[in-house]
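There is one chain below, alone, in C-alpha cells, taken in the form predicted alone.
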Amino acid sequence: MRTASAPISVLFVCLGNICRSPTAHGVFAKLVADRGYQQAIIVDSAGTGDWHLGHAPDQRTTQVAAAKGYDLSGLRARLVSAEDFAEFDYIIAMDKANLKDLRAMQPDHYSGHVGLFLDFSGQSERTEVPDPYYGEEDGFELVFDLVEDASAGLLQHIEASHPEVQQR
C-alpha cells in the first residue's frame, strides 16, 4: 500500500516497448524533471510482448526523439510483469489491446489506475496511440505529438490528485 510520502509511480505500456511506451517514458520523465518532481514521480515503461527484451528503442523513435530534444538512449525494453501492479500507481496503456492484456494480469486487490494514455489527452479525435512500427516517419511524429499532449494532461491529473507532489 502506498504511503503519502512515497513517490507516485507511472508505468507506460505498449506492445514491444521500443516505440510508443519508451516515447511516453522519455517525454513524461523530461516533463517531470522540468517541473523538479524527480523525487516525487518515478517513470518507467514496459511491453506486453517479449520480442525486443533488452533492446534500445527503435532507431526511428530515437531519431524523432532527439530532433525534439529527448534522449531515449538509456532505455531498454522489458516485459510488464505481475510485480508491476505492486510497484506502480498508474499503469498506462497505449492502446486497447495493451489495456486488455493489462486487465487480464491485474490482481483483484490492485487499487491503482489502469487505463488508456489518451484519456489524459486534450484532443478527442483518437483514443489510442497508434503503433508506428510498420509505418513511415510521419507515424513516429504523430506518436510524439499525441504523447506530448497526453503527458501534459497526465501530469496535471497527478498534480490535482496528489498535491503532495508539488510540495516535494
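The first residue of the sequence shown is number 1, and the count goes up from there. Note that the coordinates shown come from a computational prediction; the quantities given were computed from them, not determined experimentally.
What follows is about the form predicted in complex with a small molecule, which we do not show.
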- Message: Can you tell me if residue 151 lies within 4.5 angstroms of the small molecule in the model of the complex, counting non-hydrogen atoms only?
- Response: no
How about residue 52 - does it come within 4.5 Å of the small molecule in the model of the complex, if we only consider non-hydrogen atoms? yes
Taking the shortest heavy atom distance, is residue 133 within 4.5 Å of the small molecule in the model of the complex?
yes
Problem set entry | Contact label in the model of the complex: residue 15 to the small molecule, heavy atom within 4.5 Å | yes
The stretch from 112-120, 133-141, 28-36, 64-72 that lies within 4.5 Å of the small molecule in the model of the complex, judged by heavy atoms, is 133-141
